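First comes one chain, alone, set out as structure tokens in the form predicted on its own.
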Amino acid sequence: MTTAQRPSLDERRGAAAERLQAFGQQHLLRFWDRLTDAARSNLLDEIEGLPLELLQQACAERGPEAKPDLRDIEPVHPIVMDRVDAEHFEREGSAVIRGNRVAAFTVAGGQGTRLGCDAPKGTFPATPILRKSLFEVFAESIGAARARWSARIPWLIMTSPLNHAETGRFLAAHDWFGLGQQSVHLIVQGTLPSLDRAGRILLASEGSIALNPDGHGGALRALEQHGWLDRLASEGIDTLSYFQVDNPLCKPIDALFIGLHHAHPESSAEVSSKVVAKSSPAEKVGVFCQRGDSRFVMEYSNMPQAMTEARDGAGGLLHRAGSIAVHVFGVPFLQRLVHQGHGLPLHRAFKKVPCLDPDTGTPLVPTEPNAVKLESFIFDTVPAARRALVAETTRVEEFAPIKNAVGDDSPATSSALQSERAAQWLERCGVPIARDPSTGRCLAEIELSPRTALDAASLKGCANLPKRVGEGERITL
């Protein structure tokens, strides 16, 4: 038996040139004669991976991101998770988890650059006292869920080409936080090229394209290209619990939410999403909206000021259902989207991208936005669902993102919310907590591991709870 040989560089170059010519991108081979064979091979690898048909569609309209259609938009009225029959839906969700039908999926392609950390964001120290990494927090939660429901619960982590190797080294160095290497799977997301204003793909160097990760919506493409949708289905997993890496308060495996996804009358078991009430009109989160029977997420940057600030009859924000990037997806739904060729739309934004002048090859270091970056968003799956369930949780229970070094959504605000949730759970167990009499703020630092309790109810059964928590105390449980 003979093994088919890979085409030669000349053969690959000929095929690439023909394809590029068809899409007006032949300039990518302009500096071919200056490259070594290794650089030529790398460039051809990048060219062969370009989704040129998708790029052509994205470039059909020049200029900034097309403005959304604002006609007939209504606010979404979520199911309030505190007001449902929790016992019933938790029982439904627990049966799904116990039946080994659930996998956890974390989007973790980013670096901690904005946090002053030149490492994968999942390695950032996130907890108030012990400074556990985000990855460790999620691993503890998944491990506790496995123990509670005697379930397998594989953990899929989407990395990017930038941080894939370092993420793997970090997890291995920490022995996969006790979950076992065989049950933690790293999946590299794809990339998309940056374009100039004329729609030409930019080169980062004579032998490489200016590429960037394809956004959290790239999860769909990554799952398909790496064979995971079919693999999950073959293992009997029909439920994917999706969350992003920057939120240490999220619940990777939430029986109540999974039960709502599978058993609530408003759900089609295709996609369910969690929201919190926006803290202010200016909060930078996408908002769930509705047009007719179709639900969708509108990016905060696309909402006109009048819509952002509109109030309802009670004086609250009319469009208040802020997305926290926590979803449950039906695996058959994702398979259907892929098999029907339902590509997620590409969103465009002008950014500063160092590159080569496509005509002269001169390096350019722009001081103003010079390029279009493209990315897809996972919430663009929502309009494709037969029915998309939206469930409202509370900020203190599930949303303390770490995005900025200081100010809103910073390590300080996240730590305060983590302490507050722990304090509220202890108070439900009858433990008095020292609080500021004027603001009600918790005056202690409390770190509660998911291995100790996944929720307030399970904390009640824990031994050695403090009798009280005084001002200035630092307590780990």
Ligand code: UTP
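Here, rigid core means the biggest group of C-alpha atoms that superpose within 1.5 Å across both forms. Being a predicted model, the structure only gives us computed values, none of them experimental. A residue's number is simply how far along the shown sequence it sits, counting from 1.
One more form of this protein exists, namely the form predicted in complex with this ligand; it is left out here, but the text below deals with it.
Check each of Gln189, Thr127, Ser267, Thr381 and return the one that places a heavy atom within 4.5 angstroms of this ligand in the predicted complex. The option sitting close enough to the partner is Gln189.
Only one of Arg131, His174, Lys351, Arg311 has a non-hydrogen atom within 4.5 angstroms of this ligand in the predicted complex; which is it? The residue in contact is Lys351.
Would you point out which of 206-214, 330-338, 256-264, 392-400 contains residues with a non-hydrogen atom within 4.5 Å of this ligand in the predicted complex? Within 4.5 Å of the partner lies stretch 206-214.
Classify Glu375 as contacting or not contacting this ligand in the predicted complex by the rule of any non-hydrogen atom within 4.5 angstroms, answering yes or no. Contact with this ligand, yes.
This ligand contact in the predicted complex: Arg320, any heavy atom under 4.5 Å: Result no; Arg320 lies far from this ligand in the predicted complex.
Can you tell me whether Asp246 touches this ligand? I mean in the predicted complex, with a 4.5 angstroms heavy atom cut-off. Asp246: yes, in contact with this ligand in the predicted complex.
Contact of Gly110 with this ligand in the predicted complex (heavy atom, 4.5 Å): Yes - in the predicted complex, heavy atoms of Gly110 and this ligand come within 4.5 Å of each other.
Candidate spot Arg114, Lys121 and Met158, all three touching this ligand in the predicted complex (heavy atom, 4.5 Å): Every residue of the candidate spot has a heavy atom within 4.5 Å of this ligand in the predicted complex.
Displaced residue check between the shown form and the other one: Lys351, CA, 2 Å or over, core reference: Shift at Lys351: 2 Å or more after core fit.
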